[in-house]
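As structure tokens, the next two blocks hold two forms of the same chain, structure 1 and structure 2.
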Structure 1
């Protein structure tokens, strides 16, 4: 993981000093700050504009609401396809569907590999398999498909692709996340490099699950956000694909009669998830400025050693720890690694939108101690300091 992260850092460090990137960064900071400030208005607008465009929209307050809504759509399916989504990870979508007997096919190569490996979880938002070495991957694949394959990237890609395509042919429903959502236009932007979202979003029904924090005003704003995300995540200015989805597929070419689902989906359903985000906004909302670039975990010294143990579900590293307190409460925040952080500030240093994650963590520690969710050794140190002015035992 350290090696993949180093290459990424070197490539990225050049482009983030570019004048244009700096300007874009300023723009995006304003866009995100506006969104957090005007969340209720944006939600109101996006619901109206989605409906105008023929996109169904469901507001989900909690994980369970999102899962219920989702299940009512997929309940008759035996298999569905999915692309990478932190929000889906947050609500435990795959586990939920598998429990209900609906098979979920991950379509991102890295995620698919991780899905086939019983022992691992994604380690970077864009490079979920960066903690696995070639040999590990070969082992995972030979176990799954009962074949011998060469430790060679192309061979691995081919076998996964073939298998995923076969399974996709059986799917009627595709689930994706969204990288940014434009409220005034009623549009969703997704970003990907593999082209898998092109396939998943063309199935009969396309379900998009997204947190309300992804809302911005316009498509132009949304493009700015995803462009900056791409720059900080990959060191490139653009991803292979940015899809803008504002409606289901339709045609009126036969006597002006409107028909749904020409080549693309008949229905597009957006599930907008709150799950503690409004609560986070009440407390300042700083952690929701995040554009999900993963830059903070690339530089995080703790993450570099212990990986996704530090973070909450697919929200990796310190920023995930902060978010977990709003989604899941203080105990969960503690379990995600509230006290594993050295407050070194490297995450803050390279955050494109200037989130001071180390300060947020410091403040959450105060809350945690108030609730008596503490590290025992810290309490002993505190007692010694108060008793004899020194943290040390002897």
Structure 2
């Protein structure tokens, strides 16, 4: 993981000091701040424009609402395809569907490797398998497919690719997330390098699950956000693919008669998830400014030591700890590593939109202490000071 992160840092640091990147950062900060401040208006707009475009919209207040809505669509399927999605991980989508007897095929290479290893969890938003050495991956694949392969990247890729394509041929439904959503246009933007989202989004039914925090005003705003995300996530100025999805597949090439379902999906469904985000906005909404680049965890000294033990589900590091308090409550926030952070502020220093995660964690620690959710050792120190006048006296 540290080797992978070092490579990311080197790529990122070469371009983040460029004047154009600095200007883009300022633009995106303003875009995200406007979005958080005007969330209700953007939700109203995007629902109206999605429906105008022929996209079905489901507003889900809680994880359970999103899962129930999604299962009502996929319940007759035995297998579905999925691309990388932190929001899907947030609601436990894969585990939920697997429990219902629906096989979920991860199509992202890193996510698929992690999925095949019951002992692994993702370690970075765009590099889920960053924590696994090549020898580890070879063992995972050998155990899954009962074959011997060489510890070479191309050999690993070919085996996973062949298996995923075979399973994709059996799928009618594809589930993706979204990197940004343009309210004025009723459009979703996804970015990727592997081309897997192209395959998943072209199945008969395309379901997009996305948090309301991904809303921005226009397509131009959405492109700015995902471009900055790409710079800080991968050290590249643009991704291999940037898809804009505004409706289902259709054609009017025969006497301008509109026909649905040409080569792409005949049905597109967007599930807009709240799940504590409106509550976060009431508290200032700073943690929702995040564009999902993962720059904070690449920089974080704690995360570089203990990995994904620090964070909440797919929301890794300190920002994930903060978000967990709104999604899952104070105890979950504590369990995610509330008192693990050093409060050093390096995450803020490298955050492209300047989220002061260390200050947010400091405030949450105060709340936690008020609720008597504290570390046992801290309680012992407090008691020793109270009784003996010093934390060191027994």
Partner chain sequence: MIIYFRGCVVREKLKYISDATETILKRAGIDFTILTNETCCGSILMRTGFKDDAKEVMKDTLKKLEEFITKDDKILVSCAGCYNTLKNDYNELFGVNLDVIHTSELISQLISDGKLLVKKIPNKVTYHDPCHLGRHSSLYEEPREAIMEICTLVEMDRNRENSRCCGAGSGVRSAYPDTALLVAQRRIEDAEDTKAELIVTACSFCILNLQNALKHRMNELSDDTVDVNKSSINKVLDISELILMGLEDEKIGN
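Just so we're on the same page, rigid core means the largest C-alpha set that superposes within 1.5 Å between forms. Only a predicted model underlies this, so the values are computations on that prediction, with no experimental measurement involved. Residue numbers count along the first chain shown, from 1.
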> Which of these two, 1 or 2, is the form predicted together with the partner chain?
Replying inline: 1
>> Does residue 383 shift between the two structures by 2 angstroms or more at the C-alpha, the core having been superposed?
In response: yes
> Comparing between the two structures on the rigid core, is the C-alpha shift at residue 169 2 Å or larger?
Replying inline: no
>> When the rigid core is used for the superposition, does residue 147 move between the two structures (threshold: C-alpha shift of 2 Å or more)?
In response: no
> Superposing on the core, what C-alpha displacement does residue 254 show between the two structures, in angstrom?
Replying inline: 2.8
